[in-house]
Every structure is written in C-alpha cells, then in structure tokens.
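Take a look at this one chain, the form predicted on its own, written out in structure tokens.
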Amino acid sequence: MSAVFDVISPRIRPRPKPRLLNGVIPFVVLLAGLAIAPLMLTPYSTVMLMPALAFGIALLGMNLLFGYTGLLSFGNAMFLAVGAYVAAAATQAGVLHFELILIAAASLGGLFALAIGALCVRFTHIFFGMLTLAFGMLLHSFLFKFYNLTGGDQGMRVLRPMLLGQDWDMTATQFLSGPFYYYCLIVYVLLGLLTWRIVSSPLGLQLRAIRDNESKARYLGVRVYRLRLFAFVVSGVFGAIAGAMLGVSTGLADPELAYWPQSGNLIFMMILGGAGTFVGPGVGALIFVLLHEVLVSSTAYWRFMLGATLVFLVLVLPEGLIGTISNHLQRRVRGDAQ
C-alpha cells in the first residue's frame, strides 16, 4: 500500500515554496478581509462565515503537520469533536466562561493527541494516515453509541458562553455575528502569529528538513520522532479549539464532527488553498465554506460538484491556489530580472 501512496501523493505533497505569497503579509490581508466582512454582510451571512474562522484555526495545525512536517492525517476531525464535546459538557456543567472552555478544550485535545500520536507518528505515509483514520472512527463510534454519556446521534447541546466575563444580552444571531465572531477572529490572529513564529524559527526549519529528507535530518541530529509528535500535538490543540468554536456557533456537539468525511473536508480545504504555504489553508477554508453554501443552496448534486473540484485541483493545480499563484509570480519576477 505504501507504494500506491508514493505514486499518488507526489501531486499533492508539499514542496518548498517560493517566498512570494508565502509570508505573513498575505495572512494579514486575509485577516483584514475577515475583519471588515461583517461591516458589509448581513448578520446571517456573517454567521455563515464562522466555520471559516474555526476551520482556519484547525488548518493552521494541520498545515504544520502536513505542509511543514510531511504527515497527512486522515482523522484530524476527531479533534474538532473533542473540542465541541468539551464545550457542551462545560456549559451544561455551569462553566460558561469561554476562556476556561478554550483552555479545557486545548488541554484535552493536546492530551488526546499526545496519547494517540505516541503511536501514530512512529509510522509515515499511508500507515500514519490509516492509523489516524482508525482512531477517528473509534472516537466517532464512541460518541455515537454511548447515548447516556454523549447523547448519541442527537449530540449534546452547547449553551451560549460568556466572553471576557460578560453575558451578552442579545439574540443568537447578533451574538454570533458580533462579539463572538470578533472574539474568534482575535483567537485566530493570536494562533496564526504563534504558528508563524514556529515555522519561521529553527524549529520550523527542522520540521521542513524532516519533510524533505528524513534520513538526512536524522544524520544532522534532528529528533525526528519528538518533532513529529510535537506537530501532531499542536494540530490536536488547534483542532480542539476550533471544535469548541464550532460547537458554540451551531449550538450542538455532533458525533458527525469526528466522522471521516469531515477529515476529508479539512484535507480538501488544505489542498484547495495550498499545503505548505502559510496563508493557503486559511484561504482554502474561506473558499470551501463559501463554495459549499452556494452549491448546497443551488443544486442537489453539490457533492458531485465538490468532488469534481477536488479532481481538478489535484490534476491541474496540485500546488493549490496560493501555491500556483505564487509560482506564477515568481516566474514573472525571474523573467523580468533576466
């Protein structure tokens, strides 16, 4: 099976990217666009953008794991479920401070990632992917079957939390499109800056060395296992934080968050924007959410359209949108220089 994976994966495997569109400035532009969006959209449309913020945070961790370290997880949606169920359990237990909920979600997500990552990161290629998929399906089965504990297929209700100690007296739409939207955007900014600090540090250089040539990285003294585990834990922490936000925005912690199609959606977003570029996955999340809303409201064959889009990306734009645009600009700059 690893031979099959080696044949297929080079088309979407992250490669070293040119500097154009791969810095922090395009990420700032993306955040600025998300910040002004509520001023131009209706409250309902702004609420529809909430998943883009949550998925963007989850993809910061997934991009660190795949785009910078070279490990493609087929089960990262399980961390979304962990965060959402932490939010549900906390709010139903009377813990309504969202800061405490985020800390609890990040802690449990990190511990969960550490426990399963200790095994998973010992493997690479299809073996790593299938192990993460298996753990994701195990979690989905647990959430689905233990009805008395998790609510089964009905899920668990997530109550409205308090933000910065304030209980906002407004409708659900006003809350989600106003204070909660900008709260999540600020968290996105902070986690984005943290991720940029990681990838632009010597630690990030070691992660890219592992991705490009594991054997040479080991020869140079890079602790491959520990750094892979670190990247996996970071993806778990970010995924759980994103899951808590999704739970609040929908008012429900659903076992389907851990189901494998959700992990496929995350991979789709990462490929769409461009794995290995810093801003690419965030752009991919935004485009995917908008595309999904348009297709679902326009045609009954929206799954077919999304599948066709993915095939087009893998065959025609394997570097993703941002990666392709960056490569094109780089070639133009070189042509002008000559």
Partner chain sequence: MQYANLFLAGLFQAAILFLVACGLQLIFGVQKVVNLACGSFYALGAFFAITAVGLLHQWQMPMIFLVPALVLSGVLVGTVGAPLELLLRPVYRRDPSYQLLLTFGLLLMFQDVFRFFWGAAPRSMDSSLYGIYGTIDISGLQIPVYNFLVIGASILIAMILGLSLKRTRIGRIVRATAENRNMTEALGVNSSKVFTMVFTLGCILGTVGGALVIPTSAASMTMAAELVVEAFAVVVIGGLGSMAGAAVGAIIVGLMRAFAVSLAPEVEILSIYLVVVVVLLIRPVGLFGRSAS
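Residue numbers count along the first chain shown, from 1. No experiment lies behind these values; they were computed from the predicted model shown.
This next part talks about the form predicted together with its partner chain, which is not shown.
Though the partner is left out of this view, I267 does reach within 4.5 Å of its partner chain in the predicted bound form, counting heavy atoms only. The closest non-hydrogen atom of F66 lies within 4.5 Å of its partner chain in the predicted bound form. Although the partner is absent here, G33 sits far enough away that none of its heavy atoms falls within 4.5 Å of its partner chain in the predicted bound form. With a 4.5 Å cutoff on heavy atoms, M130 counts as touching its partner chain in the predicted bound form. For its partner chain in the predicted bound form, the listed stretch (105-113, 163-171, 141-149, 81-89) containing residues with heavy atoms inside 4.5 Å is 141-149. The contact with its partner chain in the predicted bound form, taken as any heavy atom within 4.5 Å, belongs to L72 out of L72, L176, I101, A231. Contacts of stretch 165-193 with its partner chain in the predicted bound form, defined by any heavy atom lying within 4.5 Å, are made by none of its residues.
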